[in-house]
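Have a look below at one chain only, the form predicted alone, in structure tokens format.
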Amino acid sequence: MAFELLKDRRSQVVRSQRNEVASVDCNKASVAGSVSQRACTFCGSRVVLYPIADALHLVHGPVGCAAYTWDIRGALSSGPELHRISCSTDLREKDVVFGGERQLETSLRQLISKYSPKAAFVYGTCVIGVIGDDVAAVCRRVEQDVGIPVIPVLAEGFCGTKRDGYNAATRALLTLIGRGDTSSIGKYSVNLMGDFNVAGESWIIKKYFEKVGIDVVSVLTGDGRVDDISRAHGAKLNVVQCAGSMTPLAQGMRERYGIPYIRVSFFGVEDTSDALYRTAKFFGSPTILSSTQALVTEELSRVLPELRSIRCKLQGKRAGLYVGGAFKAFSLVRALRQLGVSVVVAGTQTGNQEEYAELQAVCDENTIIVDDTNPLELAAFLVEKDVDVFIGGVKERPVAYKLGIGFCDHNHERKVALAGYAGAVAFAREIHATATSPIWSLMPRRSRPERARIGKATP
């Protein structure tokens, strides 16, 4: 069947060219009617703050908002799991008419009394933005009485994009950071920012830093603890893994506390090694640099033989990817190239102009670069490029399977860690098992392509 991009979407899709960077229209509200894959502003704030495991997370609004975002990160905790309890004020029609502040205050006091959290985050939803509840005033009043931080997260779903939700989470975290004692923090210390401990990945990265002699003051926010975050301003460097969600926080801490930051990735052996070396070089310690070299050498000698073996079996395969943040996309392109797989479709939900320019630079010529896509567009692009494996999240999985294309889950729900050196091997194994499965040769798209053909999309 023929396919044509919506007129208002054409500026958000480009094809990369050698020695030329095309402008991608991005960081704007989704086009009405396009069935965007992107989540709302409220959801953006929730995914950043949710992994703080010893805090209460209360969604002020209808119960559906809390249900939709329950366990959205799949973030693991080494101790308390208060974050996995989905709490809502469950506003009904009468609350919309008469206001929900009383319901919010009652719910807060009851929940704090029952669970004794270290802090409480209160999320404002679309309904709250419409009826005008003063969430901040309620939070101040309760905080004075209960003696713990009670922090409003004002991120009504309609007030922007998912990236605006990240900014709301940043503002909330900045009200928590700075309250703790930093006297015991050493000179070789970092905050790991933008890792959410999906499948235990924060633990892998923390072990690397511990082995080379660098103290991790806090993880923002995977397996997060309120006390650790409150003393994060004592770290000497912020190591930012998810640039989209955490760069505003790193910039805010640089302005307020003078802490520099670097943007890194711990996905793929190339980016993991680069992240460890850049962190070690920042501190300028010969001992730390030597320990880092030893760690990288040891890990590479362990994983490279298997990666080379898998590369021989994947050479020439083609991949598409659609992920939340652009930095994840960069790492995926590099990791797949190391496996002999070329990326022919690459998109993100929250990329900005600078990030899309960099994405075009790391991709091969004529790669389709897309911002905030929808299922129909994805289907057209994947078929046009004859993709062997598609990498995305839970919303993209049905698109791949309906087309008879292998799928790799790189989103929050996965149970296998893909960070670090061991994660690089796990990712390679999954791509190999998926892309080379004989089942795909039996799909209609392969056996009778004329029956499943989707015409080339025209940007």
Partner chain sequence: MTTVNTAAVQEDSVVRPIHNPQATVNPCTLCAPLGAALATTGIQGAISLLHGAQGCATYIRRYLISHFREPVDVASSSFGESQTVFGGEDNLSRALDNIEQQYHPDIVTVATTCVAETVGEDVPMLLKRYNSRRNKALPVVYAATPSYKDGHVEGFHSMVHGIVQSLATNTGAPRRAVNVLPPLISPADLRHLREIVQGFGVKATLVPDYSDTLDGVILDEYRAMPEGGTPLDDISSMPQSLTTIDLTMTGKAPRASDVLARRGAQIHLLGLPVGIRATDAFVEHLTQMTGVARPQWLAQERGRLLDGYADGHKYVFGKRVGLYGDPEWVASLATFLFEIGARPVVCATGARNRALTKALEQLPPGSVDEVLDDTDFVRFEVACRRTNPELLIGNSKGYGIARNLGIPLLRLGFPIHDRIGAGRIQVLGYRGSTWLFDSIVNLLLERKQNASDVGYSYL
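Numbering follows the first chain given and starts at 1. In this text the structure is predicted, and so the values were computed from the model without any measurement.
The protein also exists as the form predicted in complex with the partner chain; that form is not presented, and the subsequent description refers to it.
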{"item": "Contact test, all of Lys114, Val130 and Lys402, partner the partner chain in the predicted complex, heavy atom 4.5 Å", "value": "yes"}
{"item": "The partner chain contact at Ser78 in the predicted complex, heavy atom, 4.5 Å", "value": "no"}
{"item": "4.5 angstroms heavy atom contact with the partner chain in the predicted complex for Arg38", "value": "yes"}
{"item": "Contact of Gly252 with the partner chain in the predicted complex (heavy atom, 4.5 Å)", "value": "no"}
{"item": "Touches the partner chain in the predicted complex: Thr434 (any heavy atom, 4.5 Å)", "value": "no"}
{"item": "Contact stretch among 96 to 104, 319 to 327, 274 to 282, 146 to 154 - heavy atom within 4.5 Å of the partner chain in the predicted complex", "value": "96 to 104"}
{"item": "Contact assignment for the partner chain in the predicted complex, among Gly74, Pro248, Gly178, Pro375, heavy atom within 4.5 Å", "value": "Pro375"}
{"item": "Heavy atom within 4.5 Å of the partner chain in the predicted complex - the one residue of Glu299, Asp134, Glu384, Asp90 that qualifies", "value": "Asp90"}
{"item": "The partner chain in the predicted complex - contacting residues of 303 to 318, heavy atom within 4.5 Å", "value": "none"}
